[in-house]
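Same protein, same chain, two forms; see structure 1 and structure 2 below, as structure tokens.
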Structure 1
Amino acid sequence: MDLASPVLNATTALLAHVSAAFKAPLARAVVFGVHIDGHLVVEGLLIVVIVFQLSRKSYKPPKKPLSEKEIDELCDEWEPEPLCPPVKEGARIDTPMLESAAGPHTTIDGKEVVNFASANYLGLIGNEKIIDSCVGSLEKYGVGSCGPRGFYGTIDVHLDCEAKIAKFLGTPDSILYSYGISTIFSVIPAFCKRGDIIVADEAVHWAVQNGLHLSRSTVVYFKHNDMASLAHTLEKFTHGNKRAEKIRRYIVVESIYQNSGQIAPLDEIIRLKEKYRFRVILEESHSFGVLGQSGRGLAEHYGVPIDKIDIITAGMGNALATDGGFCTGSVRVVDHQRLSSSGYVFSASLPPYLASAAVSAVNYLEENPSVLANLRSNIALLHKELSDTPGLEISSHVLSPIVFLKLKKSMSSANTDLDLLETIAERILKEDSVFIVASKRSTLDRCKLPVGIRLFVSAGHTESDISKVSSSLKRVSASVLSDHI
């Protein structure tokens, strides 16, 4: 208390002195008719100090080179940041390694397994005619093209393949891409730009999502395969909006959704497209060579004239058992991509032997339409066999070659669901030599549909293959999901 009194007294005296100074005549002086109060004096001094600090030269310490020892010490202490964040627990993907062709039967770890994990829908992997066409092409053209299509990478077999696909589908023209997944996310940005409107199904797979992102368009998602939701979204954008009439507008859907196995109702989509004046981009990677009386896809399945669809894309790595992709439509649509589609302009063209394989696969489909009947018979049989699988239910369409099984009762999170499904897949492979996969998604994938087990049905599967996968799934799922049924 004794020490505090002098400090308090001194502070009081200082404040009284400052107060008296501001009450002095100078503080109440009148200069050119302006009353100069004490606070104006203080503000003026602050402005002078700020101007002085801003105008003075910055201090630069004298340059002194570091010694060799100091440089070595700094180098030893430096730790670079990692190029990418550490992989989280459970995020690492350890997939089985195939040791033979991915046909209906394949080899994993030296053991033959029944393969329901490869989208070999027509069973053409290992087909002798396709192999012979590839061998002949390799002998004639070599392996690669060593250049993009516009820079000496166009070979006659590319033109033959484009003409074959266009003739098969009944479209004016088509264009080849060297990689299946790059087809759709090159095509969308080639046509859709900033300011355009895209209405897309919420279940589109990652490649479509990436194309939507690269387009920089305004993207709105409607509920999966819900035509009422699509109609409401289109109405919302167009009703009373005169600006919408002057900008490009697209509907983007998949024919068979990779994330659900559902089939898009194309007839209703075309009706809404024409009513609201949108264009349609249709991704047919899982329906080309599968749907329709002759395998010509979703348009043939619904009896819709193919010219009602503005842009069609598909990968050739599924039904045709080759690689690459194509886009088909009007001549104007195709020609635009030859100068504006990044996947076509900047990528080396499709290796000639893969284009030859695609031509041979389409020829096979035209010559052997019974392969489609075999595929549909296998799909129907698998649906029947799996109808009472404990804890799992089929959510895919009865004509989809992707038979999608999801949990009847979802757990606390998608990760928990996925762990259970992967446990089922691992046990089936280990105990019964049947290869199936759970629908694990990238962290970049924005699809919110339930995860599940995907079975890819092939025309090459036998009844015993289907019986084996069905009995194995029932037994293992009953064991793994016993506490959740």
Structure 2
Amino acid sequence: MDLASPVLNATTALLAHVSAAFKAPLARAVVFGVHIDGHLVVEGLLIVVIVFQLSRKSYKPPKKPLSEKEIDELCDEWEPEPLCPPVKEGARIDTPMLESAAGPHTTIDGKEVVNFASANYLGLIGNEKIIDSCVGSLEKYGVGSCGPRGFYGTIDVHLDCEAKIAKFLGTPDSILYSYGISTIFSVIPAFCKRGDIIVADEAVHWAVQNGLHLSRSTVVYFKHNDMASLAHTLEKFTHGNKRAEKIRRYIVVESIYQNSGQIAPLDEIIRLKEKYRFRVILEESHSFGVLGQSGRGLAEHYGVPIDKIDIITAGMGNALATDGGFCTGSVRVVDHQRLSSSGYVFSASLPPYLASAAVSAVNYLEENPSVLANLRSNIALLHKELSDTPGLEISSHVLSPIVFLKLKKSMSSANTDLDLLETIAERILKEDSVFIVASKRSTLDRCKLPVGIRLFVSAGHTESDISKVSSSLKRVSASVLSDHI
């Protein structure tokens, strides 16, 4: 209280002094007919202060780059994930080891088993003529070709094989690749770039998906083998879209789908392609040498002229019982790949003995078209016998050499389904000496179709083989799936 009053007195005295000082000298100033009072000066000062503050930038804390010591600390602290996830308990890894050729009958663990796991559709594994031509080729050219096609890795058997396949199919030219699945995922990025449109079936296998991903084009999937869905998608892209004429557009389908055994209706696809002006890329790995009157593939089966399909690719590891792949089409299509297809330019070429095996296999097919009739009757017989399997149903086409059996009632997830099917396959091998396989899927595969048991029918199977596999399948699936039917 003692301090308060002197302070108050001092403040009031000061204020009086200030106001007097303000009023005094300017009391007589007149500017533009306005008396300058002290308070105008104060207001003027306030306005200046406000404008000054508004014009200043707002405060940002200064950006300091990380010092070396801080970077060291961060690097020490950082813990990466392990390169691979930990091993799951009970994960199945051992596949049966074959001890002889993978023909219709093979040897596993010293026992002879009936083999339905190899895509040996024409029964050419173990064929004497083909083996002789391979031996001749091995002695003349050695095993590997030791170089890519551009740098002395082109051997005359490669050129002969390309000419032979082109002549067999009736196309101007073809090009050989050194591995089956690398064919399609090298062809697609060679023709489809960023900005192009691709309409693909949702059930295409991993190699096609990889090709579509690498091409960086706009990819739209349509419902598996559903032509109405395809028409709808094509319509959506071209309707009212003036730009659509200037960009390249493709439809990618497989002839026989590995993931389901269905066959693509080529006549319908060609009709849609011509209506909406798309190009067709057809993956024929499982139908080359199988469909059609003389085995020339899907085009022959539907009676469509082969030049209506723009690009045909196929792996030779199925009906032709060799390895590698080819792509065929017009001269322009094939020529372009010789410089722009990465799987062709940057990879060692196909071993020459496999190319001569391919040539012999095509020769055999031309000389013995009756082998196709054998294959067809085997497939029909198998369909008939497996039609009443407990718990499993056939979901593949009647002409497809891949007979796809899926569970009638699916379990919670694809993994549990797969476990169940693999149990069935293991028991069939152990108890009845029949070798079948369930369709395994990689985690990188985006196909969502159900898993199943795949039986690869061969022209070399006999009727007793077929009855053996069907009776065994019926018995074991009844016992394993008894809770789930």
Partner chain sequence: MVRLPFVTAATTLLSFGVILGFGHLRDFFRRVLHSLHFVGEPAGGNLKGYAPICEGTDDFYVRRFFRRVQDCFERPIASKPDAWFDVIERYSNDNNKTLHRTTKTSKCLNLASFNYLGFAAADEYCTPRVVESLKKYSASTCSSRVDGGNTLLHVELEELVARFVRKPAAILLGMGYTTNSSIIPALIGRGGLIISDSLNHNSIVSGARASGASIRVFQHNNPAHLEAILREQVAVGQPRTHRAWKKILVIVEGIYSMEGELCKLPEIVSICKKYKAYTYMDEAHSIGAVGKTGRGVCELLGVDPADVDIMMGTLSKSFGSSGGYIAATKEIIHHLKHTCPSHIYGTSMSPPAVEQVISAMKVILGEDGTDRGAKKIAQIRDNSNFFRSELQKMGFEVLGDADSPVMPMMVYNPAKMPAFSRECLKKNVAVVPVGFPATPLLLGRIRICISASHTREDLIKGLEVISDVGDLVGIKYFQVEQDRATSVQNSETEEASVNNPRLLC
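Numbering runs along the sequence of structure 1, starting at 1. For the two forms, the rigid core is made up of the largest set of C-alpha atoms that agree within 1.5 Å on superposition. In this text, all values refer to a predicted model and were calculated from it rather than measured experimentally.
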Two forms of the same chain appear here; which of them is the form predicted on its own?
1
Residue shift check between structures 1 and 2, rigid core fit, Leu444 Cα at least 2 Å
no
Backbone CA shift between structures 1 and 2, Glu68, after core fitting (angstrom):
22.1
